[in-house]
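Next up: just one chain, as structure tokens, the form predicted alone.
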């Protein structure tokens, strides 16, 4: 985990933010995350981590929101450069990075329309994230 401002600036450069928003290179100075958690897989302990990373990431983000913070799981990472930056041994694989901080933007969950799941920003810079409805993801078994 890093809360160091200068290290965070270097970590930020190794992350790809919002691939569907090609015109947006991520949060601006003063709006960037104040902490990063780099989730690692220790290959000497196990050959895989199955779904544990998702459970851990969700738990971290739920705790962050409860404490008044926002967060984002970032899987698009320059892993080689981040490994060098953090001086990680080869036994560790970078799974993903969780960015944490005080939210500065508004995010709205929208229902998917016409099969379009791409997130977007409106003219007020509100970030819209289309999601499937509960009726679509919950299967009723009789």
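Positions refer to the first chain, counted from 1. Since the structure is predicted, the reported quantities are computational estimates derived from the model, not experimental observations.
Form predicted in complex with a small molecule: not shown, discussed below.
For the options 73, 35, 60, 88, the one in contact with the small molecule in the predicted complex, meaning a heavy atom within 4.5 Å, is 73. Proximity of residue 126 to the small molecule in the predicted complex: non-hydrogen atoms within 4.5 Å are absent; the residue sits far from the partner. The small molecule is not shown here, but in the predicted complex it comes within 4.5 Å of a heavy atom of residue 17.
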